[in-house]
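Just the one chain here, laid out as structure tokens, in the form predicted alone.
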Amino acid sequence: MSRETDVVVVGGGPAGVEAALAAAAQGLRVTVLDEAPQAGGQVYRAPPHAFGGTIQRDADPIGVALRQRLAASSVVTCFEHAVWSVSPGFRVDALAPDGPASWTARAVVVATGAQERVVPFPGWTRPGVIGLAGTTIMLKSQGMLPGERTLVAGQGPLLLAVAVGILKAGGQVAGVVDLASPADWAREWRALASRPRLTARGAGWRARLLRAGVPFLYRHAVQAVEEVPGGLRVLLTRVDRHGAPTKKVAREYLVDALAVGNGLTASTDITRLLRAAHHYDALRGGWVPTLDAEFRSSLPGLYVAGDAAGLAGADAAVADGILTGLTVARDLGAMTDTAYRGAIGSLRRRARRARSFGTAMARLMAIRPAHVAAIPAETIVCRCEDVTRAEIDAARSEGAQTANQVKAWTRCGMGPCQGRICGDIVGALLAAGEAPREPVGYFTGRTPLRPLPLNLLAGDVEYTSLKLPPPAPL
């Protein structure tokens, strides 16, 4: 039986929590669902309570305060709940530790954040190769190093955060390999100057890495990874400003692990499942839901906040989350229009300032078509179904023009991740360079949104009590 509530917020990061708190403060019944054991999302991920000690004390104070405010509110929180379906209406289905659970709500706020993107290269599926976001989860949530000696590669601000996190945890950083150049970073000086606290933190991270003797290689990318006795051999190549390789092998590293990532994409599982309108914006994480100025999607009652609406960063997610929660309250009749207008003015200004910094970071993480075009033919693109670049190219040459056609012809995107890892790369390959992405489209959302253990979903079944239909006539 579904529980009834006014608002279900899917996602317990900064945007989701702020939206929930704002809506609940206006008297609405609000429920937050999240897969994690505690609120905080990726950026303010909480260490497990069982760890205690140093790792618990080192939790980000902003995240600690966020969790305290949530605990003191009227918001109902359901952690360790994996949302696997959202139906029109709205019915939200999740799998909890003790079995299936569902809610019916007047409105749903999607605050599922972003997911990492890796531009494939030969060897990227080998053990010891892990995404930058995955590495942060290991460091923050489990207190684990990816390896004793790790090479950090890719693009965007996560490079510095991951490298410093490895040092803090007692690991060695073999180097930081950045697809961008120092000039690319310098071009964002206006946005960097607008957020001096964040810029100072980034500068401090870089200074710490330099003091530790960590080399920085700009305009380089991973060409391939090979397993060798003693670890992984990582081959690097120089790239031009478009991301195209300019030299066969520029440098080699022998390491235990490679942490690699090429930015983030907006998490659109739920909005795609509900067939909300989307558009492609390379500077905001690829395909993003089409929203009005008050975070409403094309479907009445469905709202999107934070990086799930397009990459903007944690600070913007806070302001946007509050604005979304107030919009929901106004739309559901819990807040007058006058009160709403009086509350949003300063929030909008705060969000604009924060978004300028987040957009600058998103530009540094944006996919570079020439980088994708250089993926070798034998490279696996869909790691769930072992589909290679050559198979995708063959489908395209035989007439496949959209992402869903490639999915049907090759099984690309049909695995457990539902195309979350390969979808953006498949679209880039089909678009073949700077061509618009709209004709290519994206993988249609399907349930379940996450792999489900059927024994927990179905519960205990007494087969002798099942009522079977009569046999069909012969």
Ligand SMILES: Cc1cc2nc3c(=O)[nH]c(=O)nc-3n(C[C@H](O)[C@H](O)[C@H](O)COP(=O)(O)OP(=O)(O)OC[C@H]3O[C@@H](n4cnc5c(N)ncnc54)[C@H](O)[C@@H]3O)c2cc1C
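Computed from a prediction, not measured in an experiment: that's the story for all the values here. The first residue of the shown sequence is 1; numbering continues from there.
There is also a form predicted in complex with the named molecule; it is not shown, and the following applies to it.
**Student:** Pick from 368 to 376, 302 to 310, 389 to 397, 277 to 285: which stretch has a heavy atom within 4.5 Å of the named molecule in the predicted bound form?
**Tutor:** Correct option: 302 to 310.
**Student:** In the predicted bound form, which of the listed residues (T410, Q26, Q42, Q418) lies with a heavy atom within 4.5 Å of the named molecule?
**Tutor:** Selected option: Q42.
**Student:** Give me the residue from Q223, S297, T136, S356 that has a heavy atom within 4.5 Å of the named molecule in the predicted bound form.
**Tutor:** Only one listed residue qualifies here, and that residue is T136.
**Student:** Is there a non-hydrogen atom of Q115 within 4.5 angstroms of a non-hydrogen atom of the named molecule in the predicted bound form?
**Tutor:** Taking the distances in the predicted bound form, the answer for Q115 is yes, it comes within 4.5 Å of the named molecule.
**Student:** State yes or no: in the predicted bound form, is some non-hydrogen atom of A314 no more than 4.5 angstroms from a non-hydrogen atom of the named molecule?
**Tutor:** It does: once the named molecule is placed as it appears in the predicted bound form, A314 has a heavy atom within 4.5 Å of it.
**Student:** Classify A259 as contacting or not contacting the named molecule in the predicted bound form by the rule of any non-hydrogen atom within 4.5 angstroms, answering yes or no.
**Tutor:** Flag for A259 set to no.
**Student:** Taking heavy atoms only, is V176 within 4.5 angstroms of the named molecule in the predicted bound form?
**Tutor:** Residue-level check for V176: no, no contact with the named molecule.
**Student:** In the predicted bound form, do V10, A36 and L264 all put a heavy atom within 4.5 Å of the named molecule?
**Tutor:** Yes, each of V10, A36 and L264 comes within 4.5 Å of the named molecule in the predicted bound form.
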